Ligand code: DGL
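Presented below, as structure tokens, is a lone chain in the form predicted alone.
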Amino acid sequence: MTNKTDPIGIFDSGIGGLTVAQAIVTQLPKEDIVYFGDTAHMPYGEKSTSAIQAYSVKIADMLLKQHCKLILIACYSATSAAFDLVKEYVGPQAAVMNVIDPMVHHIQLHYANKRLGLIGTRQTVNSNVYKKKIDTLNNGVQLNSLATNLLASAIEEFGDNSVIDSLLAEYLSHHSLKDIEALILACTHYPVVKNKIAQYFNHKITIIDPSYVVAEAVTKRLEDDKLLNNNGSGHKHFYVSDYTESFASGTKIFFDEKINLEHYPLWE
């Protein structure tokens, strides 16, 4: 049985999920957080579906051992490849959420009959998971997706450093993104360079950031399940499958406090 005082578990391949974790901490400051960054296998977007599924189930098992009441797959590649499998594996032991369904609901509410662009990893784009879900809305949304394969790795390495600018210009100038009214950031790494993306488009389009949309959905799920903790300590515990300087630096960017990283290899 899960309890209100149990932590929220969040996982991603690297620093990208920290954008969502930060939004959740802002929205729910009393909740304890357990974060797992699978830095040993980053980026997931270049891995096979079967590999991502293996990583995701292993991480879910680890988060269950931490008694997490809710497990959030804060990675689009893992969501598209492994959400159903993780949900089946976890069963009734914890709630399982992903970053795509809250975004699709957000698009349904706010972007009917709009022309939208989407950038994400090859795994996310090739899975067509977004297009399939948006098409079922039947609300006139036109979606053009572009795989921006190197971007997550570059952000993991350089953050929002100016070295990213030329890579963004190469991707964002693609003809498929011409005349869009809004752009979906379909990778949790991408909000790190959200301002650069907005600047490229001269702030003339809406940048749809998944972080706070997902945080609001997590809040609602905990409220509905009567598992919201309003009296906790807000403790944060971070695990990584491989210690990297970029991840350590990333935690300092997102959280204004000392963060201890614990090494937890998925396979010994």
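The first residue of the shown sequence is 1; numbering continues from there. Not measured: the values here are computed from a predicted model.
In what follows, reference is made to the form predicted in complex with ligand DGL, a form of this protein that is not presented.
Trainee: Looking at 165 to 173, 116 to 124, 101 to 109, 131 to 139, which one sits within 4.5 Å of ligand DGL in the predicted bound form if you count heavy atoms only?
Mentor: Partner-contacting stretch among the options: 116 to 124.
Trainee: Can you check whether P210 is within 4.5 Å of ligand DGL in the predicted bound form, heavy atom basis?
Mentor: Close contact is absent here: in the predicted bound form, P210 is far from ligand DGL, nothing within 4.5 Å, heavy atoms only.
Trainee: Please tell me whether any heavy atom belonging to A152 falls inside 4.5 Å of a heavy atom of ligand DGL, as the geometry stands in the predicted bound form.
Mentor: Output for A152 is yes: heavy atoms within 4.5 Å of ligand DGL.
Trainee: Is the gap between C187 and ligand DGL in the predicted bound form 4.5 Å or less for some heavy atom pair?
Mentor: C187: contacts ligand DGL in the predicted bound form.
Trainee: Mark G37 yes when one of its heavy atoms lies within 4.5 Å of a heavy atom of ligand DGL in the predicted bound form, and no otherwise.
Mentor: Flag for G37 set to no.
Trainee: Within 38 to 57, which residues come within 4.5 Å of ligand DGL in the predicted bound form, counting heavy atoms only?
Mentor: Heavy-atom contacts to ligand DGL in the predicted bound form: M42, P43, Y44, G45.
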